[in-house]
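Presented as structure tokens, the chain that follows is alone, the form predicted alone.
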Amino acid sequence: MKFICQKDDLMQGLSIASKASATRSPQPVLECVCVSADLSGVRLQCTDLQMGIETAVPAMVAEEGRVLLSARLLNEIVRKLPSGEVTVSVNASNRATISAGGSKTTLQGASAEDFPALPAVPEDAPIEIPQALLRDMIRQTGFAVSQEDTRPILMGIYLEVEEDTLTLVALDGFRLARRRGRLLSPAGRVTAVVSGHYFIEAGKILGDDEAPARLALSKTHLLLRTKGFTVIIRLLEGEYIKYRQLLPPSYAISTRVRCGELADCIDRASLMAREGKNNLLRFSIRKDKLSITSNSEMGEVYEEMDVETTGSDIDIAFNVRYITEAVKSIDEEQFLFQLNSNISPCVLVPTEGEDFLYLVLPVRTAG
């Protein structure tokens, strides 16, 4: 096998594909990248059996072939090469030579015969959405995925398609995140639970443009395809929590807040809250004023901002991390802070529409 490509193209392809490579696996092939060269170009594949990624690298192929190379070592070798053209050649013993400029490195590879093929996922009923929107939706829900394996299903992101709308939901028992986005065309109705860890990793390599991302589902896997790469993720087994039952049917108090200003207040108050033993931020709503306080043995913080409130006054406390992550996930200029009491869930929603919803449980405090 022999091909010539640009260093930057090879580096980008390796950085994408190697997100699916395993580390310290009992199966050495899972720590490798499968490099394939044929008349169509060069393809890179990695898999740890839970997620697989394939990406293409623009290249001039002189000799066709396939080889397994250490994903970690190949990444490091290519990263340190001088800029410009890179030549990769592999001999009959699977020994690769990677050269660029005056640099030449050899790396012992292995036969690609034992590399597991990526699962086949039918694409006869594709779900298409702008990839920048999908990237944001994953980011704006993934933080609420449970990190505890006591309830494995909560370690996933619930995916629901209803005609022209895609909904992503994550919850961990203390907060819930829901994000909705418009599909490029209707896609019927389908649901699945995708591994949160791997879906978040896939979201990190999506672009920031309106180019379409294509999703497809089988009984066991999710396929995510863009012009530059393909990701296949194993689905989680089991039924997701009926999250709609967790949402209050109505709210006695609704406060309109400016997102950027609230985020800044929380950011300053959190400095002292994180120094304390309880990690608490205390919110006090008094008609047209919202105050946020935090304290520890090191000191106190008081923040105040103007708001618009419908309903009675209230004092409520939140875990600093949970309320911070919810507010920072909102891209709107304003949103509504809705609640019923200081011991019932607080919900953050848009001033109009239903594009997002964040539910955060308050913390009971003495007095």
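When you see a residue number, it is the position in the sequence shown, counting from 1. Computed from a predicted structure; not experimentally measured.
Keep in mind that the form predicted together with a further copy of the same chain is missing from the display, and what follows is about it.
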| item | value |
| --- | --- |
| Which of 106 to 114, 135 to 143, 206 to 214, 229 to 237 sits within 4.5 Å of a further copy of the same chain in the predicted complex, heavy atom basis | 106 to 114 |
| 4.5 angstroms heavy atom contact with a further copy of the same chain in the predicted complex for Arg72 | yes |
| is_contact(Val90, a further copy of the same chain) in the predicted complex, heavy atom dist at most 4.5 Å | no |
| Contact flag, Met298 vs a further copy of the same chain in the predicted complex, heavy atom cut 4.5 Å | yes |
| Pro249 within 4.5 Å of a further copy of the same chain in the predicted complex, heavy atoms | no |
| Sole residue of Glu162, Asp172, Glu275, Glu201 within 4.5 Å of a further copy of the same chain in the predicted complex, by heavy atom | Glu275 |
| Interface residue in the predicted complex among Arg282, Arg95, Arg256, Arg286, criterion: non-hydrogen atom within 4.5 angstroms of a further copy of the same chain | Arg95 |
| Joint contact, Ile4, Arg182 and Leu184 to a further copy of the same chain in the predicted complex, by non-hydrogen atom at 4.5 Å | no |
| Residues within stretch 319 to 338 having a non-hydrogen atom within 4.5 Å of a further copy of the same chain in the predicted complex | none |
